[in-house]
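Consider the single chain below, provided in structure tokens and representing the form predicted alone.
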């Protein structure tokens, strides 16, 4: 391998060999997509925009379940191979610090990350307006909600998998109360996962067509010898609505408000039927990766058309090289993000 990977290691990464006809970015879709279809469990119409990570020799996931009543919430599931999922029919039951039931009014687009000995679920919820919810668990049996990191309006929170300079680091995307027609990625730090500050701008939209409207965090950043590998989503406005694509960047390892490389091309954009056709058409929305640190194999989980879960593959060497070879930075990308 050309680049080293640090952090969670997965021996049995879901994998399918690269087809010969790949053009553009070195990413290829699983031929049996989608891996989660509509009406996956009782009371849930659609699962999408969900997060996965290795756990006890297999995989565990937290899933955005769009209930048949239209209210999104979070479900848990397990898998032996990361492809075929057994999803609980009961939503995750959250409690407060005293052990009392403490359920969000709604919850969507969860991310999942392990920092030291604790797993954190981060999602968007109602906090007198769209904002960020966080819960922690060590056994995936008890889920304790902790304080909201920010006031409304904010979405797309992504926690780094380790402390940086002794601080927890969180990406977020400030927004408004509706279907936000703007958005840049910021990073914030905390000594204790409760009090957040030193907010810094990371990067914003630009004139690349696929991310010209807004951007937002995606999967948990991957620590590599080249920097933090970040998969994010970029949004374009068209005459027929929004289009969500997957982009890639590499952030400075010690100061992730600084962007070292940013790919001007999308890595994945809606092209297959399950990405183009669904409850919200034309969406590829990354939420998780699992990777083998020895071989560099990487599986990317993404939401498709707000209706399905898709899976695609790459290698860390190939994707980092592609981002570097096609990098084009904005002036604000190279700043420390403080004004």
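Keep in mind that this is a model prediction, so the values were computed, not measured. Numbering follows the first chain given and starts at 1.
Keep in mind that the form predicted in complex with beta-D-mannopyranose (BMA) is not shown, yet the notes after this line are about it.
_Options 161-169, 250-258, 106-114, 125-133; stretch whose heavy atom lies within 4.5 Å of beta-D-mannopyranose (BMA) in the predicted bound form_ = Checking each option against the 4.5 Å cut-off leaves 106-114.
*Of 200, 145, 155, 91, which residue is found within 4.5 angstroms of beta-D-mannopyranose (BMA) in the predicted bound form when only non-hydrogen atoms are counted?*
Flagged contact: 155.
*beta-D-mannopyranose (BMA): the contacting residue among 285, 308, 63, 59 in the predicted bound form [heavy atom, 4.5 Å]*: It is 285.
*Look at the candidate spot formed by 4, 262 and 315 and say whether beta-D-mannopyranose (BMA) comes within 4.5 Å of a heavy atom in all three of them in the predicted bound form.*
No residue of the spot touches beta-D-mannopyranose (BMA) in the predicted bound form.
_How about residue 280 - does it come within 4.5 Å of beta-D-mannopyranose (BMA) in the predicted bound form, if we only consider non-hydrogen atoms?_
Flag for residue 280 set to yes.
*Any of the heavy atoms of residue 141 lying within 4.5 Å of beta-D-mannopyranose (BMA) in the predicted bound form?*
Contact with beta-D-mannopyranose (BMA), no.
*Using 4.5 Å between non-hydrogen atoms, is residue 179 touching beta-D-mannopyranose (BMA) in the predicted bound form?*
Residue 179: contacts beta-D-mannopyranose (BMA) in the predicted bound form.
*Does at least one non-hydrogen atom of residue 49 fall within 4.5 angstroms of beta-D-mannopyranose (BMA) in the predicted bound form?*
Answer yes; at least one heavy atom of residue 49 falls within 4.5 Å of beta-D-mannopyranose (BMA) in the predicted bound form.
*Note that beta-D-mannopyranose (BMA) is not shown here; using its position in the predicted bound form, name the residues of 187-225 with a heavy atom within 4.5 Å of it, in sequence order.*
Going through 187-225 in order - heavy atoms within 4.5 Å of beta-D-mannopyranose (BMA) in the predicted bound form - there is one hit, 214.
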